[in-house]
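Just one chain follows, in the form predicted alone, and it is written as structure tokens.
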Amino acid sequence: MALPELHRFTLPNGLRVVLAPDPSAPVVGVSVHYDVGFRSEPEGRTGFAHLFEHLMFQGSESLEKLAHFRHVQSSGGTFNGSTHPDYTDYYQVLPSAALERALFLEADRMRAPKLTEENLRNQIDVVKEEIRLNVLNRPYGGFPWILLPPVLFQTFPNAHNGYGDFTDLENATVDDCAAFFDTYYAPGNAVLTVAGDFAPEAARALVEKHFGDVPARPVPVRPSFAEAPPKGELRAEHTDPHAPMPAIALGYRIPDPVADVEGYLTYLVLAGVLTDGDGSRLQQRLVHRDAIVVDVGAGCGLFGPLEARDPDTFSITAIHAPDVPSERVIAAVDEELLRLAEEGPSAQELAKVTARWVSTMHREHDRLTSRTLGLGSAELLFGRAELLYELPEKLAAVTTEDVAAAAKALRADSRAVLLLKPAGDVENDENNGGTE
């Protein structure tokens, strides 16, 4: 695949800019990625990075509340933001004639968001309701992305709940918000990406016009979140009041995606061999042959692949019938991993999985929103927006031997095991005086 031309420059205030022109459709995507996610939030302020993301939509010193929404939607555009382990992104996709409007809006809130007590209290309530909806009142809510990290990891940045504890959220103050903004939302701690239908020189002039006078501020030194892999199998149980069936999550450490992206991608292929489609190893074994689970999945990154720096997670999850012992499911998974480690996938299996991944990546890159966000995160995390276009070729180069080695590295004596039990099953166990 020919790599589309990218234009890259840095403003005097430190803002890194990536331009990716594509005249194929009259639309533009604009994103800003800040180098702060929930792994950077301080102890006692769990959920703060996500809460602050909400506050960035509550107006600025020059725009009233909801004005950002109206400007984008009245232009026929869409927008959103999201918080990840190591970054927070904001984006807009609009008709290309509205490029300057999008750049103004992002520069405006990078300069001075409106951080008020009213906005903070309102958004704490919004975030709490989001947590109730997505975690507390939903079957398997937070499984495994909130529940597995405290089993696999030992340090606060890697183990804590990034959605936030209600008490921590309620204790947040406007001073906390101002300090968080001053520390992490400096232009030198961000990447601006513009993709779509524009002339590069004209876009550069607009970027300089709107972002050039955003004051430079000190850029925080990025801490390392590295920690040693588990020395043994770590186990925990969680009782889910809404889940109808038990579930299992196995968590393993995988290579640092920044230092060894090819090694990381091997695990992406391994996940496909294990659970992608009816013909995959664990679907065939656990669902169709043994009939002991109703759902099984595997993947890199608890938010998705290539969304975090080291350390990252490879997880296998399964939902099984109450009368199937969890140890039987885990033993079957271990047998299939051992078989893959000894024999590797067949050439046909490997070709099917890599072709599916490559097709998915090309399809995602066709969508302007995904492309804009992908270029921005690749520039922020890897220092190379071009990586987005190189991934299909790197995936296609993964070999049978690579996948076998990855399967071998998923060791039972260095993993986390989370057993999720429905509340009804726990009550029955207690009443019967027995356990599984």
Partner chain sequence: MSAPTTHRSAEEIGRTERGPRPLPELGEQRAAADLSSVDVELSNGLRVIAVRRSSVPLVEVRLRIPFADPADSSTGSAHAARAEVLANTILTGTATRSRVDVDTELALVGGELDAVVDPERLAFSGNSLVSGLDTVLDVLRDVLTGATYPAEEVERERARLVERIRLARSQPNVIAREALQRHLYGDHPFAKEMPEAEEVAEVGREDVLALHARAVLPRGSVLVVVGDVEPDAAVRAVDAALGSWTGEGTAVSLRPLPPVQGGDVLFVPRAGAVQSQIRLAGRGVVRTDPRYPALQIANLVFGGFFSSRLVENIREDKGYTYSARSHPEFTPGGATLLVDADTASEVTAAALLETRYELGRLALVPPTESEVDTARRYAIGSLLTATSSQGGLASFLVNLAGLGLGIEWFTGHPDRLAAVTVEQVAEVALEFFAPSAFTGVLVGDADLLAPQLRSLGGVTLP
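Residue numbers count along the first chain shown, from 1. Keep in mind the model is a prediction, meaning the values are calculated, not measured.
Below: the form predicted in complex with the partner chain, not depicted.
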Please tell me whether the candidate spot formed by 23, 54 and 197 is one where all three residues come within 4.5 Å of the partner chain in the predicted complex (heavy atoms). yes
Given that the partner is absent here, does residue 88 sit within 4.5 Å of the partner chain in the predicted complex, heavy atoms only? no
Residue 400 within 4.5 Å of the partner chain in the predicted complex, heavy atoms: no
Is residue 183 a contact residue for the partner chain in the predicted complex, using a 4.5 Å heavy atom cut-off? yes
Looking at the partner-bound form in the predicted complex, is residue 168 within 4.5 Å of the partner chain by any heavy atom? no
Just give me the single entry in 239, 155, 74, 346 that has a non-hydrogen atom within 4.5 angstroms of the partner chain in the predicted complex. 74
Just to confirm, with a 4.5 Å cut-off on non-hydrogen atoms, which of 295, 260, 201, 233 contacts the partner chain in the predicted complex? 295
Could you tell me which stretch in 147-155, 261-269, 309-317, 134-142 has residues with non-hydrogen atoms within 4.5 Å of the partner chain in the predicted complex? 134-142
With the partner chain taken in the predicted complex, which residues across 354-368 come within 4.5 angstroms through any non-hydrogen atom? 355, 356, 358, 359, 362, 363, 365, 366, 367
